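The chain below stands alone, shown as structure tokens; this is the form predicted alone.
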Amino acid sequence: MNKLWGGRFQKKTNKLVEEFTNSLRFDQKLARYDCLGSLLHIKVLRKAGLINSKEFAQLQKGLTSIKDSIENGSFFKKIDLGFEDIHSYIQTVLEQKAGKAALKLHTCRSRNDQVSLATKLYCLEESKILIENLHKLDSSLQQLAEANNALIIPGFTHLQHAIPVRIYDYFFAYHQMFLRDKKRIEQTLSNIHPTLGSGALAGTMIESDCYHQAIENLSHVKITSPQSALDTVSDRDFVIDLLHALSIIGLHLSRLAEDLILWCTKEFDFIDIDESFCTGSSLMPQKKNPDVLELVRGYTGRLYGNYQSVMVMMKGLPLSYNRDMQHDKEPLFDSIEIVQKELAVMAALLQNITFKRDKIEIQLDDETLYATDMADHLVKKGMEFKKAHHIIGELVQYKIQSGQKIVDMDNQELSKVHPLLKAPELKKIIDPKHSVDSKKSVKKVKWEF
């Protein structure tokens, strides 16, 4: 098979080496972006006078034909996985389509800068899709929050009853997480600068002005000549940044999944997930399992692993390009695919959740949920908070030991704990709506993504 190198070598590459170094099985994802980069590169070659108009036309026609076949899927049906990488394979296909003109395509070009450009274009396009899918997920979350705007649930710390909260506010917390995820990806996008002209590591013989004059915007992507050829071919910060952002998205999705998993247990019983988003057991007929949510939670470990693998791979590499960097592709492609699928399935699942209000009301009957509200009540009467905290703690302890509900205690019994505790006032305080309405410190902002 034709290689993009080989003149210096007299022996054929050992078959074991061929198999070990082959990347076509995964870097074929870059095929379209490789063609887009080549279509730009031939403009530079023509501007620099290194190919003539006829050769340019042949190359443009051949590359466009390959790009079209990639976009309609036919390219991958006949791909020869024996080639070293996607760049070598496209070169060979182009030679069949454009003839001798294709032999000039690699003029002033190295796979080092070729793969950098293709990977950056891939990351730019996928990042925009990620933001769109984050938006869809956030919209589903907002719809669920607004449809249940008046619903109040027990809030938890340490997985113990804490203070009542509105479900809208609960989901708004996740909205804030996804909004940060969007901004994190946007920051990553702002640091991706696709370039042509780095060559292997030191630039090319073509004047930088030729690159600027020949390159036009590609799908609103600004492509320039490099400020540092060495940095361009050795940089994978943009891959690491994106993997970092994806791992945090995975973290947030995992936390949301865990809340929903807890809420659909018999012990919580807050929600019902439509059975079209659940699975059963091969042995136990009664089971309705939230497998989608468990897989979302489980994939987070793989996202972390992908991020860490590229970090560790890059940490000891000298300038400039090293073949180790081939190992950035599989983690990148895998993480993007995982998160894209997760965002899609979670957006749909959120639209198929119903709340069990009667079961939630039972949990809201827990009077200890209102302990902080009762302490605040004593503070309003002039008591120091530390003392109020202690008194309400004693009241809770008295309730537990006596087996009585606080709302059933009269003034005489409450005075055993403290004379400022009055039955009518406490009955008003032990109410979920009163509790959430009494919280004034949080500024209400519009749900915007």
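Residues carry their position along the shown sequence, with the first being 1. Predicted model only: the values in this text are computed from it and were never measured.
The following text describes the form predicted in complex with a small molecule, which does not appear among the structures shown.
> Hey, in the predicted complex, does Q351 get a heavy atom within 4.5 angstroms of the small molecule?
No, no contact at 4.5 Å.
> Is the gap between H87 and the small molecule in the predicted complex 4.5 Å or less for some heavy atom pair?
Heavy-atom contact with the small molecule at 4.5 Å: present for H87.
> Would N112 count as touching the small molecule in the predicted complex under a 4.5 Å heavy atom rule?
Contact check for N112: yes, within 4.5 Å of the small molecule in the predicted complex.
> Is Y321 close enough to touch the small molecule in the predicted complex, meaning at least one heavy atom pair within 4.5 Å?
Y321: contacts the small molecule in the predicted complex.
> Looking at 161 to 169, 323 to 331, 205 to 213, 174 to 182, which one sits within 4.5 Å of the small molecule in the predicted complex if you count heavy atoms only?
Stretch 323 to 331 is the one.
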